Each structure stands twice: as C-alpha cells, then as structure tokens.
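A lone chain, given as structure tokens: the form predicted alone.
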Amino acid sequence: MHETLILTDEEVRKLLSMPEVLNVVEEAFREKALNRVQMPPKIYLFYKKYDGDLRVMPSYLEELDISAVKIVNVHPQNRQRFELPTVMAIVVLVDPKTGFPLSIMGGSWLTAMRTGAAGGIAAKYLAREDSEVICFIGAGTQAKTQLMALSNVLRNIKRIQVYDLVKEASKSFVEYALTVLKDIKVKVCESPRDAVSSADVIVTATPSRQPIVMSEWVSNGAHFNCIGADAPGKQEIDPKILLRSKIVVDDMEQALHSGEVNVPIAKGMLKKEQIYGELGEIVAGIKRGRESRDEITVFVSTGLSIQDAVAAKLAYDKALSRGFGVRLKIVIAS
C-alpha cells in the first residue's frame, strides 16, 4: 500500500530535537565534503513588488540514500502586513529507489532547526571553546534556534546581548533565552554596537541589505554566524570584517551569489580566493577549523537542501515510530 505521510509544522516541531538535528546535519556536511551528494544551486523567484522571494531546493545524499525537495519563501513584511510567518516551507521526502513521495511535511520549523544546527556546528569548529558572551543581531525565530544549538556546543555561556529594531522581539527573545540557559545574564541593547561589545560569538539573523556590524567594534578572536544574508544583495556585516577573517561558507557556489560574501565579491572588495573553504571540509578533517585564539572566524550560511533532507528523514522516521501524521493515497497506481 503506497501512502504518503502528511506531517504538519506542529507535528514536526514535536518530533525534532536540537541534539538529534545537530548530529544529522553535521553528517550531511561531512557527506558533502566527501563528494557524495547531489545538490543543484537554489532556484529563485523574486516577487519584487511584494518584497519577497520563493526558493526551490532539491538534494540527494547518495550514501545515506536520502532525497528531498523543499519549497520555501522569505517575505520579511509578512508578520506586520498579514500576520503570517516570514518564512514558510514545504518539504517533500522522496524514496530514491522509486521516486515515490514518502512524506509531505511542514518545513518552516524544520528550516529554523536545521539552520540553527548549522550555526551550532560552525561554532563547534570555529568559535573559541571558552566563549562566554554571545551577541544576537536580530531576535526572531532564527535567533532562538541559533541559541538552542549554541547552548549544545558551547559550555561556558555566561552572558547574552541582543539587539533588534523591534523592541518586543528583543523582550520575547530574553524570555526564551532564560528558559534555555537558566543562570545567565541577558541584556537588551540599544544599538548594534552595544550588543557587539566584548562578544565572543556574534550571530546576525536579519533581512538587512546594508552592513549593521562595523569592523571597528569587533575584537580579535570573535566568531560570526552570518545567517540572514541568504539571497542576492543581502549583507549584514562590514566587508572590512571579512578582510580580517577566516571565511568559511556552507557551499561555495551558493555563497558567492547569495551569502554574506556576495555583495563584497560583486563590488570587487573581496575575491573568491580569500574564502578559506567550506564547513564540510572542516567537519570531514580535510581542513582545520580555528587555529588561534586571536583569529576572527566567519561562517557564511546560505542554507543547504542536504540539511533539509536529513532533518526531514529524521522527522519521518520518528513519526513512523510514534504514530504521528495522516496517511493519504496521493499517488494512484494506473
């Protein structure tokens, strides 16, 4: 009997835990570095009059025999205009043997979790192990899953500093942070400069198209997770920071066109050759991660379909074992 398992976003939220997502996403990065994945670059549609875009993201992890396709939007004004999430997604998990759609699931929370996991993995290899002060520029959903992941890989977190243009978002983030890490200090900052001051790890998770964090604010030894610049024209940090840093991307081709490095490269301020490598190469032991206390490291996240695929397979397997979801006969045999 060929039935497709339908899972809602809420069910996916109940099924995915950050430690498990960290494990499968780290494995996906390793598989990529070992050239055992198929992952074409994202396909974009731009809805300029609505300030939004749509992306299609397919992948196949050959050794793990996992394949999926995600359709995801980014509409920064959704919450204010329509009371809808900024990011919404659907993931189709496919059986590589037959092409059958094993599952169709809500991908919004899955996207937030796998992106948070990528940031956590980057910090594991690139941030100083004794990092104590974490800065968040942007206090939305992605900041929360970044914190969730960072709390699993950094054991010395003592203070969190957050800045967001929307004060209510910062207040909500503070409440959330205190549930994740009990004995810490959390400060809502009045400016990005205040938030970045003395930070060991800086997470930028905004839709900005202009630099928010300036080079002169950043101390040696800092690590950046640049999350928000995930489409052409977006950037969150001063290009001068990149020129001071070891730059690690999730995928070279995607990063050149849509990651934090895309604008500086387009303007001739940065060259491809100045990018150190991909995170998967570090995970697989092909290249070294942090090599000194003083170096500044920057992780450029664009979001990879292989992250979605392994997270979707994790959710699917757990759903089967726990009886989640609804089965529908979407494909009818002729």
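None of these values were measured; they are calculated from a predicted model. One-based numbering along the sequence shown.
Omitted from view is the form predicted together with a small molecule, to which the following refers.
J.: Has each of F224, S305 and V310 got a heavy atom lying within 4.5 angstroms of the small molecule in the predicted complex?
T.: No, none of F224, S305 and V310 comes within 4.5 Å of the small molecule in the predicted complex.
J.: The chain here is shown without the small molecule. Which stretch in 164-172, 179-187, 99-107, 195-203 comes within 4.5 angstroms of it in the predicted complex, by heavy atom distance?
T.: So the stretch in question is 164-172.
J.: In the predicted complex, which of the listed residues (V263, V153, I157, I212) lies with a heavy atom within 4.5 Å of the small molecule?
T.: Residue within 4.5 Å of the partner: I212.
J.: Given that the small molecule is not shown alongside this chain, does P239 nevertheless sit within 4.5 Å of it in the predicted complex, heavy atom to heavy atom?
T.: Contact check for P239: no, nothing within 4.5 Å of the small molecule in the predicted complex.
J.: In the predicted complex, is there a heavy atom of the small molecule that lies within 4.5 Å of any heavy atom of D251, even though the partner is absent here?
T.: No.
J.: Going by a heavy atom distance of 4.5 Å, is R244 a contact of the small molecule in the predicted complex?
T.: R244: no contact with the small molecule in the predicted complex.
J.: Indicate whether G120 is a 4.5 Å heavy atom neighbour of the small molecule in the predicted complex.
T.: Heavy-atom contact with the small molecule at 4.5 Å: absent for G120.
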